[in-house]
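Shown next as structure tokens: one chain only, the form predicted alone.
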């Protein structure tokens, strides 16, 4: 099936999906009679859940202020975890049949426990995620996947075959590949997709069935080269950070409106999500486990303790690869893994002579005008 319409029409349709990120999942559940599992970002085995004919949906941060959630969660935890708890407390996540948390971040561990209290009808699952890369890690993750597979089979009432997992891996690899093609097009013509549209494309991929998203992306790739865009000079900027939640659209727009062109990123709602495929030739559970280890080499993650990767050097290399002049770091307030890495990043960037701007993002509304002034001054700085 081909999706008709111009690039603008397709992108507007995806924007409508992301404005109400769970509505498509609710429609799918009603039409299919199947189940939906909510996943915390950013390391969980979507392919394994998909193979059970269950829809995995990555939980998204809402624009609504946290109100009801204050009764259940600490105000000094990250905006994403507080927002998810708030959504559950307000009944917005009642459509979920299950949810999955893990131990890669203390805030996600706590949020998973609170969801278990708030979503009493939903099945609670927990996936062990070793944060180190040792000789035993691959086998340990594979064992954890076997345990989760048994839990999902019990939950779904059906056995998950290796062939079904391989087919899901193929579908998800196709999605990653299509989005990487969009990145390739943008690298040649940075104006053809703005950073908000890139985030919208990836965010929509996280909340609707992947095969449907593949159809949409295939159509978008066919019409995107015909898109009429105005090209203008601008400071080439690489955007880093925003590990679990989508960056606020207002901030992305401010960067580009201040005279910058975003030429690359390592955002979770960006290249981090699609950087690495899963090996389709390996035994499927081992391949998913290897993917968890290998993608840290392509885009390092601070929730991982891997001595073979160097996040500061990765950023320096990325700046050179994309011929970027400046770096903007988006850090969620109270994100401890990112905060621990930042001093090393700052020191390495200063030694390399790379100018950077740290923007600490809060879930609550901040002074956008004050932020606009900081961004404009940074972009204009010689």
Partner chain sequence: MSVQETKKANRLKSGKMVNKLVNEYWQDLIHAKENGKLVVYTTGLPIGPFMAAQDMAWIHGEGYGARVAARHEEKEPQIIAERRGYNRELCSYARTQLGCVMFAERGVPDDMIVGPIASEIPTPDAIVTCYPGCSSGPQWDWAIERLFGKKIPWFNVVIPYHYGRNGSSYMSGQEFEEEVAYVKRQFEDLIRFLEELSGRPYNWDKFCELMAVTKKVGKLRMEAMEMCKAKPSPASFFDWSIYIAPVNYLTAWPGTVECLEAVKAEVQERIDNNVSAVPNEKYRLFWEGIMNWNKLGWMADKFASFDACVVAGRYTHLAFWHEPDAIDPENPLEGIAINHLECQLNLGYPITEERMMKLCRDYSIDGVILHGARTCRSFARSHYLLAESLSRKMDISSTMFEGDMVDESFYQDEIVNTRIEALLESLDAKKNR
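Just so it is clear, the model here is predicted, and its values are computed rather than measured. Positions refer to the first chain, counted from 1.
In what follows, reference is made to the form predicted in complex with its partner chain, a form of this protein that is not presented.
Distance criterion of 4.5 Å from any heavy atom to its partner chain in the model of the complex singles out 346 from the list 322, 346, 53, 326. Residue 150 is the only one of 232, 228, 150, 121 with a heavy atom lying within 4.5 Å of its partner chain in the model of the complex. Contact check for residue 331: a heavy atom falls within 4.5 Å of its partner chain in the model of the complex. Under a 4.5 angstroms non-hydrogen atom cutoff, its partner chain in the model of the complex lacks residue 244 among its neighbouring residues. Residue contact with its partner chain in the model of the complex: residue 26 places no heavy atom within 4.5 Å of it. Although the partner is absent from this view, residue 303 contacts its partner chain in the model of the complex, with a non-hydrogen atom inside 4.5 angstroms. With respect to its partner chain in the model of the complex, the three residues 41, 44 and 285 uniformly fall beyond 4.5 angstroms at the level of their nearest heavy atom. With its partner chain left out of view, the stretch that reaches within 4.5 Å of it through heavy atoms in the model of the complex is, among 190 to 198, 156 to 164, 210 to 218, 142 to 150, 142 to 150.
Applying a 4.5 Å heavy atom cutoff to its partner chain in the model of the complex picks out 309, 310, 331, 334, 336, 337, 339 from 308 to 339, in order along the sequence.
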